[in-house]
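Okay, here we've got a single chain as structure tokens, the form predicted on its own, with questions on binding and movement later.
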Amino acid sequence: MNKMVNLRLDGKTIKAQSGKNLVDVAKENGIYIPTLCYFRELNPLGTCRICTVKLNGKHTTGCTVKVADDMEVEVNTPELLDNRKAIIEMLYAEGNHFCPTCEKSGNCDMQNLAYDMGLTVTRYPHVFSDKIVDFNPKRMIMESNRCILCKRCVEEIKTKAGKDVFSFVQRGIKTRVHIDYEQEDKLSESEALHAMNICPVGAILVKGMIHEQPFGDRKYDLLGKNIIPKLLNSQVRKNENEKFIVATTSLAGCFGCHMSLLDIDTDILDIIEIVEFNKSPLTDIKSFTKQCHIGLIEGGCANSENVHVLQEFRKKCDILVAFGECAIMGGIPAMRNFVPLQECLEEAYLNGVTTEIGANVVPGHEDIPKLLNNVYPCNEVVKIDYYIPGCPPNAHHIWKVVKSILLGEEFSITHDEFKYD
């Protein structure tokens, strides 16, 4: 007969079967403990630390705890919620996760946790370490840049003979997942797909089996909760009869976010009733003519001119908003951060297949902005007040945020609007 015990979860007394996993017990009682490494019948791994809780006053991983009598467990305190968010932010900053270009986007467990936590930017600088991308296996690609070392694949994926396919190699910060090519070749197609699907991020890909899925059909498109950003406690204008002054600029990006701004179509007529555009590519006004209530920044910082423009916007705008993935996380331009700058220039101007014959010169002139060694998110250069993720963000999402900030009204972003891709 299974023994029943009493324990307290976030102050709620519940009964549960002794020895049952805490994550499962919490879920059965309406309390969600997020996980990345925990998976069905696997022995609890405790590697990702997302499930950290306080057990009788001490921090521990929730997935490794078996319930017992008189346990006092804290799950959703402000401290624990911030710790979990910090862990996700570190994984993003260390792991080179570019959601707009990732095959797992929309089906990624870590991305979904970030949605639920309302994560728009990391508090940590991006590392942009260049890790191994292994194309050698017969069926798979191992993208170590995205790997979070959760150990799911190491523990779960075996051949029919019980041989390991994945293993950890090296130690410390050099630890990575290695594929045994001989054993990988023995996996069936369904077993290979299982390996890809068990990965909570986009580290394991099966060649030829990555199918693009439209919005609405992906695993996490319609899940999650609404995001309610916090408004700054400041008054953006004193005279209620004056228009709000808005400035915009595009730095290192594709200008797609500005095109999205205009996708509001005829609603732009309502916008201009309360908004006046100052310095902006939309008006072709080259210099600030007045102090602005709000500035919208598209694109990251790739050169000295980008830095100068961004710093000028910070001075001239009371509130600064980064919109689009390039401004927030570096985006597509930041993919060059994995390659030394000199090598990038040589490939573009000296060794590229489209390079003009005889033009063996990398351009250099005092009038050409100096390239930075890396492409930086805007918040690593100046203070950013708000972030609007997306590649590009939806037009109505952008203007909902802008109008709500200007009018000082609380606003809610629905889960299907809040996308990184």
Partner chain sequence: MPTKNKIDRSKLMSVLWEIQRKKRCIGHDDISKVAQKFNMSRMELEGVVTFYHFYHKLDCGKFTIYLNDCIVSQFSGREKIQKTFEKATGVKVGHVSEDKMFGLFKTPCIGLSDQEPACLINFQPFINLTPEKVISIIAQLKNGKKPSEICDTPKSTIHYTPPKNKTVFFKPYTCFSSLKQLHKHSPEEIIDLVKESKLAGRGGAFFPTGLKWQFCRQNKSDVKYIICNADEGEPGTFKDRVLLEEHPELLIEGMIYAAYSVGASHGSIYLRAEYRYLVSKLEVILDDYRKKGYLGKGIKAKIPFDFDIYIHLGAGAYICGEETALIHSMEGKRGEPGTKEYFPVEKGFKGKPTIVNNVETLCAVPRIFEMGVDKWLQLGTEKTPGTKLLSVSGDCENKGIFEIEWGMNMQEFLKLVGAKNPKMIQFSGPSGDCLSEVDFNRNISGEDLICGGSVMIFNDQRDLMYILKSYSNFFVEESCGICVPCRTGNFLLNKKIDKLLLGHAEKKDLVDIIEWSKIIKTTSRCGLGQMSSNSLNDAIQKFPEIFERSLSENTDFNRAFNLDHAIEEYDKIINEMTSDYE
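Numbering follows the first chain given and starts at 1. Since we're looking at a predicted model, the values are computed, not measured.
Just so it is clear, the following notes concern the form predicted in complex with its partner chain, a form of the same protein that is not shown.
The partner is absent here; in the model of the complex, the one residue of 346, 185, 191, 130 having a heavy atom within 4.5 Å of its partner chain is 346. Residue 314 is the only one of 139, 218, 314, 258 with a heavy atom lying within 4.5 Å of its partner chain in the model of the complex. Its partner chain in the model of the complex is approached by residue 175, whose closest heavy atom lies within 4.5 angstroms of it. With a 4.5 Å cutoff on heavy atoms, residue 101 does not count as touching its partner chain in the model of the complex; it lies far away. Contact check for residue 161: a heavy atom falls within 4.5 Å of its partner chain in the model of the complex. Although the partner is absent here, residue 87 sits close enough that one of its heavy atoms falls within 4.5 Å of its partner chain in the model of the complex. Only one of 272 to 280, 248 to 256, 300 to 308, 192 to 200 places residue heavy atoms within 4.5 angstroms of its partner chain in the model of the complex, namely 300 to 308. For the marked spot (151, 179 and 341), a heavy atom within 4.5 Å of its partner chain in the model of the complex is present in each of the three residues. Contact annotation for 90 to 107: residues with any non-hydrogen atom within 4.5 angstroms of its partner chain in the model of the complex are 90, 91, 94, listed in sequence order.
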